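Next comes just one chain, in structure tokens: the form predicted on its own.
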Amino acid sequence: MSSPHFPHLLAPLDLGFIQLRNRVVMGSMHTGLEDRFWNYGKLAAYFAERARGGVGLIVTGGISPNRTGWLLPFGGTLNCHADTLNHRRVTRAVHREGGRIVMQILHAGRYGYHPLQKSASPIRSPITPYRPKQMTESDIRSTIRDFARCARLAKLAGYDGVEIMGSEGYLLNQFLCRRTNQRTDDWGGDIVARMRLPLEIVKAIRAATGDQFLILYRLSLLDLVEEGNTWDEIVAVARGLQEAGIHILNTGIGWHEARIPTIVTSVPRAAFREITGRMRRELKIPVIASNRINTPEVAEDILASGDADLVSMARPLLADPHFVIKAASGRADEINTCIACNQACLDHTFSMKRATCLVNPRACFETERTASAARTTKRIAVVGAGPAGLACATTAAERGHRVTLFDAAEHIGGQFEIARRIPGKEEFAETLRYFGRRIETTGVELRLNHRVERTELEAGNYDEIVIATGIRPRTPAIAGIDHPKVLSYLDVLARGAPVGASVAVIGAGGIGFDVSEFLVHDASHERDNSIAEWMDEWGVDPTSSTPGGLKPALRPNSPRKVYLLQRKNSRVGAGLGKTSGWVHRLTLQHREVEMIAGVEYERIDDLGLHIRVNGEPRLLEVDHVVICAGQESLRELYPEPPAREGGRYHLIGGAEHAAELDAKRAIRQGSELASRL
């Protein structure tokens, strides 16, 4: 796929016995479809759409070589000939679209969520409740054979190769690091002994599959945990893998139990590219860069500068399966960019739900959520250009309807327009850029600065009227709530109200955390997203000269003293996303935000905020109190029965349900409604 737009990214890669059409790798991502044989038709459609979209090489979600390696009970496994029948549905679907696909072999080790797990040493993981058994010599030998058998069956199933998962803290990573390998036999000790298992597995797979079968190995370049490997040890492993016969080295960053974020939206784009570049200079085989690469411009720059030979993008290809084709045809501005929110992908995976994507709810539902052309063209009014309204209006117009989108604001976006102003959430602007471009390409008539009235809707002769007007902040019943000290979160985030040096934030949901994040950054200094500053703050040593690539963190100072309060007695932030909530909590802790649970609010006056905590009175002598205590739906335009004649009116997004702002639900609702109209 040659193109003048991104020549390095779209250049083919010839490995002698196999050629990849470009340098884009769809990295492994567990969707949940891999775990049940009856979902393999859906899995095939999911991968086929990405192959049709131009991806050079696809890596499947992790498939276990045996039961002890399961991620979860009865998870995806390939260890007998009968299993290959379902996998052939996947490989044939991808090959029909001109793509290449490798199957990832993943042994979870102590990360398995089941009592059968085994590892290098009997050390329990902090992210699962089960303690693993230490693998015996016999266990290790049978595991090597299981990996080889799994690879041989993958070849029989039509895969172009396999990727051996040796990063992120899974079994092979557990053998590589002193943190989890405390053995004193031939499989533990110095790095030569600790890397014996990965090398033996590569050699066994090479012997079982021959020279014309692609072998990738994913290796952690930074473990980001105590007693992780040093750079010299990591290079020794990589060179050993190269000598053992791998064709491509893929890179991973951090273990799942690491307390340093590596993929959330606050991590700078391509933060670890220089580390990949260092490894590339140590090897003769191609090296893949990964983690927070979400635009073709960033990917092209990585390749052009020599930091990698290929780039891995998993979530960006959930967000837009046609990423490559759009880039190749000069339509990069039409790419639905991954914002690294994790809300519908990794949060779902770790909650044992089917993965999808907040900005693309069709991902992993390709056979169920279709948007075919409408049989009859309708005139549709959508009121509200927040996430729900944008998704509904553009999907409906794409189907052939004539759509008018109204909003009283100057800009599209609704709550996303506010969210993008939060330090660490700048990526949310990409979704607004995408929808803005999509409005143009689908022909939606956009009317901003226009507060529509019911009479106008009724007079417009619309066939369908969609109310997506969103929410208004809820005002709690606290004495003194009208005091000049009191601000709403919209006053702070949308209207730029001045805020003093000490602030109490009432409400510790997602909005409360966002407001607190905003307040602990210097508003006069626009965040530059410096990779070096980010690594200093989180204590990352990119040279990995220290074990695990850790160094003392340099915590930034906050321009304000912030108190984050909630009525519940549960841990503050307990309701945040599973894979990103801990990052938000740590970020505020770094800036010394005091988080207080079990709060009773008594009054607000000139002295500040009077509260009780566990029955004890306390005065917070603050300059301002910011209210983030929930929302109420804005639905004045939605008529009461029986005025909703014939089901012509529809209610979606925050206007339909405002208990907690949920862009994932809003975009899905808008898309699904439009597909039915």
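Residue positions are given as counts along the sequence shown, with the first one as 1. This structure is a prediction, so every number in the text was calculated from the model and none was measured.
What comes next is about the form predicted in complex with a small molecule, which does not appear here.
Only one segment in the set 436-444, 510-518, 553-561, 165-173 has residues whose heavy atoms sit within 4.5 Å of the small molecule in the predicted bound form; it is 510-518.
Between the options G470, G99, G161, P198, the residue in contact with the small molecule in the predicted bound form by a heavy atom within 4.5 angstroms is G470. Contact with the small molecule in the predicted bound form, defined as a heavy atom within 4.5 Å, holds for exactly one of A154, L106, V383, A289, namely V383. Shown alone here, L358 lies within 4.5 Å of the small molecule in the predicted bound form, counting heavy atoms only. Heavy atoms of Y111 never reach within 4.5 Å of the small molecule in the predicted bound form, leaving it off the interface. Taking the partner from elsewhere, R280 is found to have every heavy atom lying beyond 4.5 Å of the small molecule in the predicted bound form. Looking at Q415, you'd find a heavy atom of it within 4.5 angstroms of the small molecule in the predicted bound form.
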